[in-house]
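One chain comes next, on its own, written as structure tokens: the form predicted on its own.
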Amino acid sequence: MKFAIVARRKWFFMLSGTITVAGLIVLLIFGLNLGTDFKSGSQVQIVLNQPYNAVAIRSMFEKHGFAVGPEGITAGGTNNEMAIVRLSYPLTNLQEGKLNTAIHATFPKALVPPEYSTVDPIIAQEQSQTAVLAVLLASLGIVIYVAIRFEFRFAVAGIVALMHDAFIVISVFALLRIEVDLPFIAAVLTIVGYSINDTIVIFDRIRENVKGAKIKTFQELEALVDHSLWQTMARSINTVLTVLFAAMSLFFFGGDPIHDFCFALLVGLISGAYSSIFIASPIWVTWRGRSLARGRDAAVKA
């Protein structure tokens, strides 16, 4: 069943605009749940070798003077035999020794010492700046490539769709209070790469169809882009479904360390497939259509 996609662009723009505004509100109210990669602190990964008990773990930490935030303890491992404790302050060597003794006394079966990961404030700030720079450089590289390979309007439409996808993932993580760490940045960059690939395939088909076509009206341009979108629709759906199946397998069976990474991929892949079809191309049509109107007005005046 085929339907006019571009003619309904206002509905798709309104949907994306609503999601964006909702995401901004969520970010302003809740902010991001930054992990120790982006703010100073320590992470203690304890292999308990016994059933996970968050209350007992929290009690042990607080009994020995280590404050733990409300969302600071999570279970890990395939059978929840691991506890991951995130502290908002870096531990010193002396404190780690004190904690080793406390863990051994409270959980005799646990592996001691546990695995410590500590990030000081300077490194956390550097990593935050590097992460933002990585996303910006990736976006700039895409704009330059698409502008050279196609045209500037395609580049802008593509980058708007990419920013849409990245923002959707960030908003979902903010709303669900999922920790943002370096694997999350890797997931966002992966989504950016995948989404622009799908968008370029559609743009390439539009460009091929535009060649030789004598487009005089906005309606003809809409029809041509709709035709191009439906020509690539099966390819777009089949590709995203294939990648989604792989990401879902990793999400359910890949284990706790890559769980959040896979979740970000799942959200980004769905958003990327949507924006490639319903956002990027309609933006280009809207912009290109204005050029048609200006050209027609100039011809009438002449």
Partner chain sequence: MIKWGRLTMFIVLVVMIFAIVISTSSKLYSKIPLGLDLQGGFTVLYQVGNSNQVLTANDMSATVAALENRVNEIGVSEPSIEVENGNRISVSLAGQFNQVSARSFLSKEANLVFKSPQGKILMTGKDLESNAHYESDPTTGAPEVVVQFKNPALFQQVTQTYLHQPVSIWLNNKMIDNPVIQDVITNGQATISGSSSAQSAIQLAQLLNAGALPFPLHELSSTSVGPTLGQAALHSTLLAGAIGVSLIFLFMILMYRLPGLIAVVALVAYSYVLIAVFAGMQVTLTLTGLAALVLGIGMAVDANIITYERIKDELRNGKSLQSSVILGQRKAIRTILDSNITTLIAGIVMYIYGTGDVRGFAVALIASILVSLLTAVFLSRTLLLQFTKANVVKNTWLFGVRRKAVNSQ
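Numbering follows the first chain given and starts at 1. Note that the rigid core is defined as the largest set of C-alphas that superpose within 1.5 Å between two forms. Keep in mind the model is a prediction, meaning the values are calculated, not measured.
A second form of this protein, the form predicted in complex with its partner chain, is not displayed here; the remarks below concern that form.
S.K.: So if I measure heavy atom distances to its partner chain in the predicted bound form, which of the stretches 178 to 186, 67 to 75, 212 to 220, 165 to 173 falls within 4.5 Å?
M.R.: In the other structure, the partner sits against 178 to 186.
S.K.: Can you check whether G31 is within 4.5 Å of its partner chain in the predicted bound form, heavy atom basis?
M.R.: G31 lies outside the contact set for its partner chain.
S.K.: Examine A246 and determine whether its closest non-hydrogen atom to its partner chain in the predicted bound form is within 4.5 angstroms.
M.R.: Although its partner chain is absent here, A246 would touch it in the predicted bound form, with heavy atoms inside 4.5 Å.
S.K.: Evaluate S88 for contact with its partner chain in the predicted bound form, applying a 4.5 angstroms cut-off between non-hydrogen atoms, and reply yes or no.
M.R.: No, no contact at 4.5 Å.
S.K.: Taking 4.5 angstroms as the cut-off for heavy atoms, does T239 touch its partner chain in the predicted bound form?
M.R.: It does: once its partner chain is placed as it appears in the predicted bound form, T239 has a heavy atom within 4.5 Å of it.
S.K.: Whether I279, I283 and R290 jointly form a contact site for its partner chain in the predicted bound form is the question; each needs a heavy atom within 4.5 Å.
M.R.: Not one of the three qualifies.
S.K.: Can you tell me which bits of 98 to 112 touch its partner chain in the predicted bound form, meaning any heavy atom within 4.5 Å?
M.R.: Read in sequence order, the residues that approach its partner chain (within 4.5 Å, in the predicted bound form) are N100, L111, V112.
S.K.: Is the C-alpha displacement of L48 equal to or greater than 2 Å between the shown form and the other one once the rigid core has been superposed?
M.R.: L48: C-alpha displaced by 2 Å or more between the shown form and the other one.
S.K.: Is K109 one of the residues whose Cα moves 2 Å or more between the shown form and the other one, with the core superposed?
M.R.: For K109, whose C-alpha is compared between the shown form and the other one after core superposition, the shift is 2 Å or more.
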